[in-house]
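A single chain, nothing else alongside it, follows as structure tokens in the form predicted on its own.
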Amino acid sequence: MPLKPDNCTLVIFGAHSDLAIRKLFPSLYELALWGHLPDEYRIIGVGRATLTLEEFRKKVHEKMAVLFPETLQDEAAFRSFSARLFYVGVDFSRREEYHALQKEIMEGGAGSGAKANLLFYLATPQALAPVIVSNLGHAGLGEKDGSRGSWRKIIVEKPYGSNLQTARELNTGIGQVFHEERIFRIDHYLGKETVQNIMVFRFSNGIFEPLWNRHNIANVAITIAEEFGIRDRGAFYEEAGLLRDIMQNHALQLLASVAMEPPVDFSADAVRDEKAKLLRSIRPITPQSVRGAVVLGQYEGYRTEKNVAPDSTVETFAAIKFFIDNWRWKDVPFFVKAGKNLAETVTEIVITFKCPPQNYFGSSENCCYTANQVILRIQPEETIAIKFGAKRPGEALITDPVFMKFDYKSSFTEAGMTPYHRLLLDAMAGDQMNFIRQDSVEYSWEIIDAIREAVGTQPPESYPAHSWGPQSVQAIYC
């Protein structure tokens, strides 16, 4: 069992948000149930609604009972957890109202350790982050106001800005109240077991790392597909679009994980150094190179979704061919595809190896049929498969593709933590390995801003719901 983090108070801004109700409170309750939270902890929900303490606790219980009834089998355990829940109503934009929050933190019922160590979580729309952080600083709740020997940290949800300029402004604003080593930019993909296993798979297995380069790998394909549409996120998608929602963070972080150089050690800074260097090495897409490198799409029916403009040109699909200009990956294409309302929900990374110099078992154009592949499935299954050629039974020498597969669920009896379990504990413990550093955020935005500028005003192509995107996508894979 991991060591418990320091005694602390977790302050959740946006306590009524979907994120808080569906992810944060259930994850914190289960961590408490499993004995992973510190002996002295408090959770303070902060929202705009005016609620009494009992109303807030009752609301959390009711929501969890509907969404996760299986987690509430032990009523005594939930009552113990509920006793650690508190609530403060605050208008996020009104600086003077943060003094009520300060009073609850400093004078509320808790031990001195819980009062000294503060972890703020911004489960709010991204546009509110600058004003919340600024008001925390003015209320004396920022990191630079803490006493020696204690800590104050902040978790910020994606998207981190809407372009490079706003990302830099956000980083500057937060940096005036919290030092970089106390800022935790969360991307839940980085908390997934299968994503964390990418580095272990590469760097702990001698049969793979020597082959992980341009001499042996023909291409890498990353897919983040969802078979559902935008659901009730029309207003958000009209502002963000898929490039900002998925490509700037999830997709580029997966690319960095699979293509990064070996770090000097497995400290947080060493690993994030290599990811930042990798992102910096991605070849910019220009107006001259965009044709054949980028396809944007919009699923049929998107314009009739709630809070979507009837003439919207927002993309819900993107396929991009990236190149990495470094020694390891020069001229190896990385195909990254992501979209809504596609044929299935799947996230996977497929590494395709080059064919042998001579193919004795069929014509060379058929080599792709049996080309060796490593397939890292992130979701819905958590598997790693290796594809290779084997002789079909019979007199003729006919090669068929076959697979060897590893499955997390069948190989390990102990269930792993969900991403939010893991990342909440990591933030309390101060481990930034699975959080995104400021330079990586800015390098990612440089890549996405260049794509948006290269595409210009060209509208996205329409594609049928539950397909694999626009027909022109195949040109990307040439």
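Fair warning: this is a prediction, and the values are worked out from it, not measured in the lab. Note that residue numbering follows the sequence shown and begins at 1.
There is another form of the same protein, the form predicted in complex with a small molecule; it is not shown, and what comes next is about it.
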item	value
Contact segment among 325 to 333, 202 to 210, 397 to 405, 186 to 194, judged by heavy atoms lying within 4.5 Å of the small molecule in the model of the complex	186 to 194
Listed residue (Ile198, Leu118, Ile246, Leu85) with a non-hydrogen atom within 4.5 angstroms of the small molecule in the model of the complex	Ile246
Contact residue in the model of the complex, from Lys158, Lys337, Arg182, Arg272 (heavy atom within 4.5 Å of the small molecule)	Lys158
is_contact(Phe266, the small molecule) in the model of the complex, heavy atom dist at most 4.5 Å	no
In the model of the complex, Lys153 touching the small molecule (heavy atom, 4.5 Å)	no
Gln379: touches the small molecule in the model of the complex, heavy atom cutoff 4.5 angstroms	yes
Exercise: Arg233 in contact with the small molecule in the model of the complex, heavy atom 4.5 Å	yes
